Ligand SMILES: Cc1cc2nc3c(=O)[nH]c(=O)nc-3n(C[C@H](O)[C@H](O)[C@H](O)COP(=O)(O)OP(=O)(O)OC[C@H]3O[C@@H](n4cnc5c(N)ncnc54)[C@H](O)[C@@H]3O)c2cc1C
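The data below hold one chain only, encoded as structure tokens and taken in the form predicted alone.
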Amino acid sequence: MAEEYDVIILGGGPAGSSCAAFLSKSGKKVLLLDRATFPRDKTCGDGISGRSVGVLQDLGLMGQVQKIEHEDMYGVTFSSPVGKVVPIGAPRGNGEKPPGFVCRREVLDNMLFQNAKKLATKTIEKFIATDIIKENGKVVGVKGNLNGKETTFLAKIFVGADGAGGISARKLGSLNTDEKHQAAAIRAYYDNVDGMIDQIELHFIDGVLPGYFWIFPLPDKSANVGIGMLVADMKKKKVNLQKLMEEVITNHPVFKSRFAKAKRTSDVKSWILPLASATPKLKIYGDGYVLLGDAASLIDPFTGEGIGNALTSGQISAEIINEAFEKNDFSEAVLSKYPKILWDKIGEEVMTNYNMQKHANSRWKMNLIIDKASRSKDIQGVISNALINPDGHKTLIDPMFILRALLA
């Protein structure tokens, strides 16, 4: 006989783990499933910025964040296609906490998962989901392989948080397949990259626009290094991202000397990022289900950052699911509040950054705006001060806010 729960959450990444934690705290009987065993790696740039801090605070985890291995960040360094480098620092002093940090996903995700595991009714790892179960058009559970046996779990609400490659978006007809709204990225870890400071680095180099080459500092002089660009542009230009990154590191006038003594310490890994510019066209809810994070195509269309929106989707979905339980109504009509509230929260930024993506496709525009910042201390000061929220607390670094300011 199938086990029954109030909520089944498929996927223990930031979206699923945050949703599980919030729902468990509200007294729901939650089953959290994942195909991996934690800690596990997740291919990513490892930058924690934007909305993440607010949700981590609401989860009560910022104290744990300070204890896990990470590197505090105090600003952003940009460079233009012609090689103009502009570091823009965040305000410091008075014992204020840093506005951003870089943390390996293996570490961050494990912290979030272990927190959810303590709170959830049951957590199962190594569960390979194979199908979504429906009755009369309503999602009622999930089927999969557990320890070599076919296993079924049932619930009033199913939460799909199993990422871009999971079954949820595919089985529920919400898969983002538009290459104009997908990015491809690669990353590897390096030791001894020269010239790193306590800032994340975004470099808009020829051959990658409207994407960028990044260097995100980690502890012990390590760094997450990678390149990302639109899938449509990558295919049109017939770009091999790994060869392009090797060319940048070996021959680019800005980076050649910085990587002269560096050593790659990991394999180069690639992944596809479903961008949130496609989300308005996707149905991320329905009778008995909601989709979160990468499964809902919530990755920022310019930065490629998905953690903040994933955590936000976990928090908002939990609120709407709790309302559904109060009404004892798990219909599409009730759950339709989820995408509306989510888009109210992230939609303006997503579409602004989608437009920024288009600006960044122009070499001369990127040269212009970064040169403008390099020559104006006033602009740098405004950007630096803008890294503080109106209530006086520092926010995590939002590189796109900085670029929007430069376009003003």
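Don't overthink the numbering: it's just position in the shown sequence, from 1. The shown structure was predicted, so the numbers you read here are calculated from the model rather than taken from an experiment.
Not on display, but discussed next: the form predicted together with the ligand.
Screening Ala129, Ile88, Leu172, Ile157 for any heavy atom within 4.5 Å of the ligand in the predicted bound form leaves a single hit, Ala129. The contact residue chosen from Arg40, His70, Lys372, Lys365 relative to the ligand in the predicted bound form is Arg40, the criterion being a non-hydrogen atom within 4.5 angstroms. In short, of 172-180, 327-335, 293-301, 255-263 it is 293-301 that has heavy atoms within 4.5 Å of the ligand in the predicted bound form. Taking the partner from the other structure, the ligand in the predicted bound form has no heavy atom within 4.5 Å of any heavy atom of Leu23. Within this chain, Tyr289 is remote from the site of the ligand in the predicted bound form, having no heavy atom within 4.5 Å.
Using a 4.5 angstroms limit between non-hydrogen atoms, Pro339 is distant from the ligand in the predicted bound form.
In the predicted bound form, Phe78 stays away from the ligand, with no heavy atom inside 4.5 Å.
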